[in-house]
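To begin, one chain is listed below as structure tokens, in the form predicted alone.
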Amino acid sequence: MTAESLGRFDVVVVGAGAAGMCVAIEAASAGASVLVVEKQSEVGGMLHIANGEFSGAGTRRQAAHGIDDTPERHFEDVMRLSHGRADEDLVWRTVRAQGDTVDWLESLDFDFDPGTPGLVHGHEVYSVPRTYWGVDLGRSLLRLLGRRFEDAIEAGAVRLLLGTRIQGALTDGGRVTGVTGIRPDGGEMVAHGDAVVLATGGYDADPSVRNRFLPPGCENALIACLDHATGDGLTLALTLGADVSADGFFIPVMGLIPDPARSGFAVDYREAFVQVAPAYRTPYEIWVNQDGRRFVAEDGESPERRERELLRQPGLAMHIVWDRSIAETAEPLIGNGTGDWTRERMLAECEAGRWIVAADSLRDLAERLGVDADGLIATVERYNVAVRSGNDPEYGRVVLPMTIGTPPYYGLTSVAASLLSRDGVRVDGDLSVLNRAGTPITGLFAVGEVLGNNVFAGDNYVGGMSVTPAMTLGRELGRALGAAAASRSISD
């Protein structure tokens, strides 16, 4: 079968998530002809499920709230939170302009949550409020970027191919000159481009790829991203001799629930997740490991400490234990970001048996959870003594609201999860993909999660340092490629 030729474009963008759309929007605005190839049936990538938190310093919104902040302070915070393991050059390149990204979104009437800028307590916090999100989380960003993207398509500056999976790259004398792909009908296509941009996102949905980069012992981590994140851009770059990081960093997302219907995957957190951050919900329960022992203060203020302690537990699993009195008193243990997990719904879930197990004794509960029964019984006894005395000598927990002693007893297993790809292709300051000798592969660029989150967050999570670099550097790359196309047009 002869491949369909789509012609030549100034810029070919592979992937239509936040990064890819921003590249296309800005390149088209500068006058470039742009082709965007997306393997899904819709644009948006992870924005469909992401919290969509973005960060920036020195913004108009901060000034309106009396917050004094600068990109320099933002940079210092990123390097502190990343333990100095983020890429200083790329971090500075993005944070110096992230405030402008926030202001740009505001100028386009982005629907900011009224509580922004704020501090996000799911991971270690910044020194000042500089994180933002929409009223509809990542979908707020998707709607705004999607509108701008659609405008460029309607204007004829951008052509979009949906349902088209990249198969390979065209090269000429070491220069990347285009891509080949498979259309939804199975037919092949070929497109030539003066620049090819990989904005394909991560690889965490493919355990065979993900586990190549995880440190030993972390293979049991649940997969929490969407199914499309299979590392297509990374694979293509490797065929072209690209250099790829292998830092061995991993820090988990906590509170996700194993999906009974899909081994190794988490329940979609738009439906349900365990609320583990004490800043958002007072903890009444205890967390135990396979031996039935607690391993951390459940009310500890440091998210990173909780996350790293979980990595030390067998199977990366923790079992959350409570009783009927707690179920009738505490705020719902399960949430999904929408507020529709009421106490009544939580009580019903305790009896539904989908994810929560119930038992009339701690021994039976332990057996159903697969934890050591004697260990769990002893742990609950010690915890109850701590509650009555107001002192937790083992772990220093301060919030000790209720004993655990009223059957039925409940348990829920949560496993550490991977959501963002930590490693990725290496690039230079112009976002040109580097080969293993450290030389740019001419004509090939990369932006977004295909770079790996380590370059922006080191061995940790840092607020807004995923989607914001994708948008900010995507816009900068789009402008640069658009300007290059204009220069070629003038010289021709």
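One-based numbering along the sequence shown. Computed from a predicted model, the values in this text were never measured in an experiment.
A second form of this protein, the form predicted together with a small molecule, is not displayed here; the remarks below concern that form.
Stretch 196-204 is the contacting one of 196-204, 368-376, 337-345, 381-389, since its residues have non-hydrogen atoms within 4.5 Å of the small molecule in the predicted bound form. Of the residues 177, 275, 245, 164, just one reaches the small molecule in the predicted bound form with a heavy atom at 4.5 Å or closer; this is 164.
This chain is drawn without the small molecule; in the predicted bound form, the residue among 420, 221, 251, 142 with a heavy atom within 4.5 Å of it is 420. Although the partner is absent here, residue 45 lies within 4.5 Å of the small molecule in the predicted bound form, judged by heavy atoms. When the small molecule is considered in the predicted bound form, residue 38 lines it closely, a heavy atom lying within 4.5 Å. Using a 4.5 angstroms limit between non-hydrogen atoms, residue 232 touches the small molecule in the predicted bound form. When contacts are judged by a 4.5 Å heavy atom cut-off, residue 25 does not count as touching the small molecule in the predicted bound form.
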